[in-house]
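Consider the single chain below, provided in structure tokens and representing the form predicted on its own.
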Amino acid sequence: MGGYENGDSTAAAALADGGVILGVDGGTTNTVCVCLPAAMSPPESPAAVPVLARAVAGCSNRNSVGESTALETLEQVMTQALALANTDRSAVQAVCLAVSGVNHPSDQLRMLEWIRDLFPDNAKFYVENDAVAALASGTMGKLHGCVLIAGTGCIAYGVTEDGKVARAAGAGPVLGDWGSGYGIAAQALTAVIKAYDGRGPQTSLTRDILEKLELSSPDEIIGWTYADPSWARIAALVPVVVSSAEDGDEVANRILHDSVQELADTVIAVVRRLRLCGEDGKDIFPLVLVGGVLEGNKKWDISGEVIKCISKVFPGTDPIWPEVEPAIGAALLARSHHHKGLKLENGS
């Protein structure tokens, strides 16, 4: 992740020329902030990104933890990154906040009003959904193509070369993000309860989930679930579902197959709306894949199955697995705007 370590002397020397840029990837599971030198040249490769410092904090999705806690987390992670880089807020030239739960211009406006009070008057700000940073992490700062994020939550987000945007899903588990980690795990928990009640088929998910949670009976799952129904806590059960499916459990396999189709349909909807595939549906376009659900597994390759489904409709799909994390994508976006002399504030 670049040639710098937190707070090393080379990084400190770089700070003297032009200040710093912050890139923040705010997710439902955790929040990451990276600090880059504002005067950096465009990196020749992912490994050449000069990361001055990297900090990690908890969830900053306001829909999950509330607005006050989300903003506290964002301030905490940016402050920590600056401290690790041996600098402070006065050196900040630009910030890109890419945060899950930012879904409407009013969300952006509130966050812009908040962040303006934290940094110097000459600093510039760019606020977007975390999907934008994820896309930029695969394209090294160029906003074109489609990204599919499938972690605790899920979303597909696309951008055309002339700046048109579209998204699908990303509305949270209550509104049907069933391809997400939360969606997969919630369906598995439901299947266990149904099997216990006699309303559904028996499944090895019962044994596997009880063992994972150190519970003795399916009826204890109810208490476990509502004791702390945080999205990330539920989503952490996805590896259990994948393992059960790999061992041949029919219920677990059905859940994963349905989730693959949900994720593929989400991408297909965005690509169609933006015509990223061209008029004939065969143009090549980048599809960036991000998130724990899409990480490779021994037998059950969720990302591979998703790509197969999408490629049947759009043969020009060019899958990309980023070599840098979304926080660096956010920082590269901020750098791009900063060096073009553009204002980063939305709508200006």
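Residue indices: 1-based, along the sequence shown. Quantities reported herein were computed from a predicted structural model and do not represent experimental measurements.
We do not show the form predicted in complex with a further copy of the same chain, though everything after this point is about it.
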query	finding
Residue among 104, 275, 207, 254 with a heavy atom within 4.5 Å of a further copy of the same chain in the predicted bound form	104
One residue of 142, 116, 164, 199 in contact with a further copy of the same chain, assessed in the predicted bound form (non-hydrogen atom, 4.5 angstroms)	199
Contact test, all of 301, 308 and 320, partner a further copy of the same chain in the predicted bound form, heavy atom 4.5 Å	no
Contact stretch among 90 to 98, 144 to 152, 212 to 220, 244 to 252 - heavy atom within 4.5 Å of a further copy of the same chain in the predicted bound form	212 to 220
Residue 266, heavy atom within 4.5 angstroms of a further copy of the same chain in the predicted bound form	yes
a further copy of the same chain contact in the predicted bound form: residue 83, any heavy atom under 4.5 Å	no
Contact test in the predicted bound form: residue 176 vs a further copy of the same chain, heavy atoms, 4.5 Å	yes
Any non-hydrogen atom of residue 194 within 4.5 angstroms of a further copy of the same chain in the predicted bound form	yes
Partner contacts for 170 to 191, taking a further copy of the same chain in the predicted bound form and a 4.5 Å heavy atom cut-off	170, 171, 172, 173, 174, 175, 176, 178, 182, 186, 189, 190
